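In structure tokens, the next block holds one chain alone, the form predicted alone.
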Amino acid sequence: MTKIRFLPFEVTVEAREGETVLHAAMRAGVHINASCGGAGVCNKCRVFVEEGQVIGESLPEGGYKACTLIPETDLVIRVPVESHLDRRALLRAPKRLASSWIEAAERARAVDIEPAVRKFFLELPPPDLSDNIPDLRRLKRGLKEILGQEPEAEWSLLKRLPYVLREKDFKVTASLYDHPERRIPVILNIEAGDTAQNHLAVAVDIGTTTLCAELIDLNSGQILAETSDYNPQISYGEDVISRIEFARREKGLEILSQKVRERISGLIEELCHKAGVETSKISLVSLAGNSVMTHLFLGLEPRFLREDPYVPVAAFYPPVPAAELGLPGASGAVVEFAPCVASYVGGDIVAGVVAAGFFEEDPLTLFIDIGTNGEIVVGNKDFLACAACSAGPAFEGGGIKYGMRATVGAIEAVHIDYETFEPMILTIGGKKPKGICGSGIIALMANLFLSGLVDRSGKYRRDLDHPRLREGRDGWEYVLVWGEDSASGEDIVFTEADIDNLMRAKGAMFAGYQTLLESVGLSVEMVERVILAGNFGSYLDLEQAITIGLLPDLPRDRFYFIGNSSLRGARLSALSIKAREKMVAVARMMTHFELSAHPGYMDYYMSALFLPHTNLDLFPSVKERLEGGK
């Protein structure tokens, strides 16, 4: 077998016969950008061959496509900086702009702490000849005196029961679970002595790109620790469609499931280490993720999610023992999942709606989670309607020549001087720029448009003699960073093809708002509140997003940023059985609309493929800036 050494990670792996460098990297845990999951169409998986002989497709700007590269000899492969991931970027503080209503509403709706798993300390009378009933019956009798009903017990409890009862003279703590599908509480665990104060849960948001987790004290409701990391599945495809396709390969589903479970397990251990507690104190794990991520985590077949008529295996998932999923926790610890609505409106959105709470209020609210699969919910206490937009990966850097995730070295903010056309940029971590992430892409697009470098159809000016505006290999482009100033040594440019991809993405989102609102007899102007959810929304510049037509041009005091609402919802579900019930109620309350089946969607979409829109009257503030010379 040939060996492949990956630089700068100093990881070596033996390549299987006929295996590509990309697949070998996946097995070795080396990340190489691959937006298309190895289909050979994204040109993101560039690597450089430092030593050895290969067969594969070279790229015009240098290097090879890793997904086509097959070694003929031992290789030394250099992975360029744009593929390097840095967790520090995930831990930066999100913008808190326009969040006052969310914070005030959270305080007003503070839940009563009543978790699905409760702990009870019992001092049971030891058996004697006059009271020699079985150990399990003795335990149930003691619990019945507290609960008013006799609980059920899991059979796994029986092996440990006699020893634990006698360890501290029948002084024990029992963990009882209010199972969502049973009417009687279930005894999950029993511990010697009084351990009722050691009662923890973990809330997890399984995102397509990132995993976020919190350790929660179920007695006080306090968040003891929090952490996040990239979803390791990104090495097998950057969007849900790529991962569904990868899951169809031999052992593909098993690999995707194993990778995300292992990483979540590692995050749970990391949380406990930060808080100085043992994982054995965790009784409950509350997970929220989109439909595809939930299927992949559980190892459920995802292919029918993307095939007409788009059917998930389940929308409401029964709880699963943590041990069966390889997650750390107390004996008998359970994992619960936020319910889904449809193939592309999942538990993350249901959890987010519960966290935002607008389903219990009067104002007509538009809830938006912008991403590769943009989800939209509109409604109030009277109704909820939802839809998903196939926006594509542009908001996360996919389909953009120098696009990348929001990691250290990514350009996240841009300003262009309207007189000199020179840019000012900021990167995450203050490092040399490697590429440009979603928030930076939107900022750049807005500045190019307002400066007059780009017209409303997304085309660069051809009559301007400026060194940063030129005709390149892929057509006209703007040089954002000269090669001497970039981390890769290459010019970082923004091409007309990049503009086209971004306009398609923002057009799909705006057309989605219009179509969904029209489907329920409403219009954009009638929206009283807009809630922007998700990590991407937390870093979005509101004015720039409106300028390019990504968000509706409404009074700015109607916009609110909620951040990671999926994680907030998972936390609420862990803390309160009532919040868990609200998730079920919200999922049942939502009416899902398939946008592609709506006769007006394509008309709305085509109209949105301009800056900011074909109809400038929909964007009065942008129109005023354009007519007033910005």
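All values derive from a computational prediction rather than experimental measurement. From 1 onward, residues are counted along the sequence shown.
Here the subject shifts to the form predicted in complex with another copy of the chain, a form of this protein not shown in this document.
S.K.: Residue-level contact is defined here as any heavy atom of the residue lying within 4.5 Å of another copy of the chain in the predicted complex; does residue 418 satisfy this criterion?
M.R.: Output for residue 418 is no: heavy atoms all beyond 4.5 Å of another copy of the chain.
S.K.: Though only this chain appears here, would residue 299 touch another copy of the chain in the predicted complex if you measure heavy atom gaps against 4.5 Å?
M.R.: Yes.
S.K.: Any chance residue 316 has a heavy atom within 4.5 Å of another copy of the chain in the predicted complex?
M.R.: Contact with another copy of the chain, yes.
S.K.: Given that the partner is absent here, does residue 72 sit within 4.5 Å of another copy of the chain in the predicted complex, heavy atoms only?
M.R.: Residue 72: no, not in contact with another copy of the chain in the predicted complex.
S.K.: Looking at heavy atoms inside 4.5 Å, which stretch does another copy of the chain contact in the predicted complex, given the options 201-209, 301-309, 433-441, 214-222?
M.R.: After filtering at 4.5 Å, what remains is 301-309.
S.K.: Non-hydrogen atoms within 4.5 angstroms of another copy of the chain in the predicted complex: do 134, 151 and 261 all have one?
M.R.: Yes, the whole trio is in contact, each within 4.5 Å by some heavy atom.
S.K.: Exactly one of 184, 146, 520, 113 has a non-hydrogen atom within 4.5 Å of another copy of the chain in the predicted complex; which residue is it?
M.R.: Contact residue from the list: 184.
S.K.: Exactly one residue in 162, 363, 125, 472 has a non-hydrogen atom within 4.5 Å of another copy of the chain in the predicted complex; which is it?
M.R.: When another copy of the chain is considered in the predicted complex, the option within 4.5 Å is 162.
S.K.: Relative to another copy of the chain in the predicted complex, which residues of 235-257 have a heavy atom no more than 4.5 Å away?
M.R.: If the 4.5 Å heavy-atom criterion is applied to another copy of the chain in the predicted complex, 235-257 yields only 253.
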